[in-house]
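Have a look below at one chain only, the form predicted alone, in structure tokens format.
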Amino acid sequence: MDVLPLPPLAPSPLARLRRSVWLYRRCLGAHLRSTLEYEKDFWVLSVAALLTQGVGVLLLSAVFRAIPQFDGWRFWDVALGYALVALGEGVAVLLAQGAWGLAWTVNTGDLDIALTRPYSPALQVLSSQIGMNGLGNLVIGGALLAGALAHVDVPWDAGRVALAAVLLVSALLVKVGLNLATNCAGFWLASPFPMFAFSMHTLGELARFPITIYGMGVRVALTVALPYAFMSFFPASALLQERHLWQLGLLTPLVAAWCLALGAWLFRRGLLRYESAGQ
């Protein structure tokens, strides 16, 4: 196997960024090759993700056959937000699945290994696993997004296309940031299992549907406390520009930056109280 030369350490921020991206890609590549050694597992995980997301879409379609509009939302309007959630989960699982192993890494002392390497511990953790079930989420989410964009009543022009691209990327990063932030609870909870993060993930599933159908408490939780609504509802509203408070969707890039910064800050705070399992 050809071994590519490691980019040298350099003082400039751009050079450090390029080196981090290079190392992240190499780590994911190593785990991808390892995962593909088990071909049956790959197909089982991918098909399971397809079925899980597919059943959700079928249920959504069945509901809208009985109720043409739901709080003013039509099927393809809701499908747009639903697709963003599926794509966000697909990207987070495929490219940053290691966040879900953080509690185990911390509470078994395996984080010691990451701390001895000249590379960001947070990026090492995120790239320590690759979830092939993310491909199933991406396939279903991509197909649903294409269908939704073809059916929603949006006057497409260059500006609207650019807005859609920015909102899509930002919505995906919101999910990655929230996954890291919630899994950082592993630094404070003496359990190798990410139960807190999983419970928050379950709460985020509510964002698959328009948050206007929920009570005020749930709306605030999904908008402010843990802004899962910026994965789906607000970006979709900003693109459609015909819903209440659609302007908030334009803040999605800022919310994505906040979620990533929050995850990085919580990770650094967690490192300050981290103790090796041997101490």
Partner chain sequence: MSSAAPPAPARHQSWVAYRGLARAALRSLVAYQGAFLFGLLASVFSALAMLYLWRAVLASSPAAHGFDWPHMRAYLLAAFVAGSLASSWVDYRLAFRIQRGDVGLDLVRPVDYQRARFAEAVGFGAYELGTGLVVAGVAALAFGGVPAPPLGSLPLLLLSALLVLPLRFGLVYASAMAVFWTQNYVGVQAGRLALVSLFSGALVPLAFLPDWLRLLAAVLPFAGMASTPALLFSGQLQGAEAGAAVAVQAAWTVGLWYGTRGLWRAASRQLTVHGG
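The structure displayed is predicted, hence computed values, not measured ones. Numbering follows the first chain given and starts at 1.
What follows is about the form predicted in complex with its partner chain, which we do not show.
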Using a 4.5 Å heavy atom cut-off, which residue among Val139, Leu145, Leu189, Leu168 comes into contact with its partner chain in the predicted complex? Leu189
Contact assignment for its partner chain in the predicted complex, among Leu245, Leu36, Ala225, Val55, heavy atom within 4.5 Å: Val55
So in the predicted complex, does Asp71 come within 4.5 Å of its partner chain, heavy atom to heavy atom? yes
Hey, in the predicted complex, does Gly215 get a heavy atom within 4.5 angstroms of its partner chain? yes
Consider Leu206 of the chain shown here, and say whether it contacts its partner chain in the predicted complex, taking contact as heavy atoms within 4.5 Å. yes
Hey, in the predicted complex, is Arg26 touching its partner chain, heavy atoms inside 4.5 Å? no
Triple contact flag Gln124, Trp258 and Leu262 to its partner chain in the predicted complex, non-hydrogen atom at 4.5 angstroms: no
Stretch in contact, per heavy atom within 4.5 angstroms of its partner chain in the predicted complex, of 230 to 238, 60 to 68, 247 to 255, 26 to 34: 60 to 68
Going through 21 to 55, which residues have a heavy atom within 4.5 Å of its partner chain in the predicted complex? Please give them in sequence order. Lys40, Asp41, Val44, Leu45, Ala48, Leu51, Thr52, Val55
